[in-house]
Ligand SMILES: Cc1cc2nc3c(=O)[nH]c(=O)nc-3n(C[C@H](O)[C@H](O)[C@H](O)COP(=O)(O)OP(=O)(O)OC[C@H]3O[C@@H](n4cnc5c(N)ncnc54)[C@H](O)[C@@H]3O)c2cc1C
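Listed next as structure tokens is one chain, alone, in the form predicted alone.
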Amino acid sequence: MRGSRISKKSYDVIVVGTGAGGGMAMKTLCEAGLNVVALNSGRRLDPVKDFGNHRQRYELKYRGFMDPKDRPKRYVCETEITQPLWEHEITYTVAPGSRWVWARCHAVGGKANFWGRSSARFGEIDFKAASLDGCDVDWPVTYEEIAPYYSRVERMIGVASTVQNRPSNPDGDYLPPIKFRCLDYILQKGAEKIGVPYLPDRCAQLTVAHNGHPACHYCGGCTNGCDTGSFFSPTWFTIPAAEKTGKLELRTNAHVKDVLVDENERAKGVAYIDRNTKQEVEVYAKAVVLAASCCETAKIMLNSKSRHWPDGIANSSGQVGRNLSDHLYGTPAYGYLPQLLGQPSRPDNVHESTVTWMPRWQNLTNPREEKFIRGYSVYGGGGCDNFPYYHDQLEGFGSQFKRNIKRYYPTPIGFLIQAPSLPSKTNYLDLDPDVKDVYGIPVARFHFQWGSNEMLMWEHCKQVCADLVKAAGGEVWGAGDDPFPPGQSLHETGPCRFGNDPKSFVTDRFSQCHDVPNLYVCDASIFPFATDKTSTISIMAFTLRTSEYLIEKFRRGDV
């Protein structure tokens, strides 16, 4: 029952979520002297117990493939080691005719404990895309305005890359790049022949010691968490910095139910369910920052109903939950490089990151040069891995098959497309009227299908990647029949997007809710649509800007 336990202390700010956005908000607000309480839906991590710590697949009970009974519900980002840290208790539904996979990490630090670390900046070509091609809306900021915040984040976390001078991906402040592998030099030559870029990725992985964190020692365990803090994660970076101030209280196993409002319909606090005691708890503050992750934040707002907000808090525009966008992921081509047959094994994947990328090269000078608008990027990789996933491409059995496996071990290559979906009125999330979670809270229901623009990108990319393999002297084994399911990229955006018109947007250019001035959103839900880049470093840059805006309001007594 509501109000069964009320927190006696009132805080300056409540931050819901402890991932990329929540962690940055906590750090920035606490370092400014504000008293912050952070709510996280799961438990605190212990890197010694919860991360991989150099365990190899052959040391695990199920050889890294997880318990067979858990495999049907496994998210692609889960591993046998991290499986207990991913959310399976709090359910969601998918509307008939739709597809969506909603992977959530409930541990403190969230998905940013295990992310892919690609960290390219958004650019003016993204912010003004609508002015260029006439589709949807421009962002309410300029690149010149946000660039200094990107630089500050890059200097804080350390991003390895090179200066590339490309209009689709602005350059930043970089550490030395991760070195190319033999296969990368071969593929780069092929890319040059067909006129597409093949460059070092922007990777938030430390190639040198940085800000008190050691350089990566290339153990290859990144997907299971870094035991040395050699790539950015809230567990190693922002949360310890916030706790060092003495201004942070971190409450774990706190499943947020809704945002509480006062008699003036301003945010006064948050109600959550203590997952250990099953008791509802209310906590109060002068301002609330929602950084629960893109879709979770929208779900919380939709569930925050009151007399004044019958459709959810700060939702006079009717746009909370709408405009859901995502990255179309898939395998546009895979094959092998005969030049590397029989070569010695190399540690090609000990960094376990995207060493290279093919940044957007489409529609740069003419917004409608291709059959689709805007553009996509591609990640390339391959070589020696910890499991020979190419085994089904080879025939034979017994000792001959084993020799072939070893002979082909350095040769496999593959590509991953990252294509942004355009916002659509048919792609959104709402509350399922018939389904509640185990705590009695209505669950999110997803309505989503890939659109024609992103499917044209998919077909275009399959041809380009096949051409690249052939130009590099390789042979194509095949391509994915279809893209991966929507949601699998973990890069969803849009359901609380920012803009200047309160009638059309949920939040303003500083991520402050138009309707509720002391309610802020600090995750990817504010971004109007996906770009060809990942979103984590942009979440951090925009959160830094929003947090300092909120700090200034506290300084002026305007909260």
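What you see is a predicted model, and the numbers here were worked out from it, not measured in a lab. Numbering starts at 1 and runs along the sequence shown.
One more form of this protein should be noted, the form predicted in complex with the ligand, which is absent from this view; the next part is about it.
Taking non-hydrogen atoms only, Gly42 approaches the ligand to within 4.5 angstroms in the model of the complex. The shortest heavy atom separation between Leu468 and the ligand in the model of the complex exceeds 4.5 Å.
The ligand is not drawn, but in the model of the complex it has no heavy atom within 4.5 Å of Arg374. The closest non-hydrogen atom of Ala20 lies within 4.5 Å of the ligand in the model of the complex.
In terms of contact with the ligand in the model of the complex, the residue from Val355, Ala444, Ala107, Val259 that brings a heavy atom within 4.5 Å is Ala107. Proximity to the ligand in the model of the complex, defined as a heavy atom within 4.5 Å, singles out one entry of Lys247, Lys305, His255, Lys268, which is His255. In plain terms, the part of the chain that comes close to the ligand in the model of the complex, with a heavy atom within 4.5 Å, is 484-492 out of 484-492, 390-398, 452-460, 407-415. Contacts with the ligand in the model of the complex, taken as any heavy atom within 4.5 Å, map within 114-130 to Phe114, Trp115, Gly116, Arg117, Ser118.
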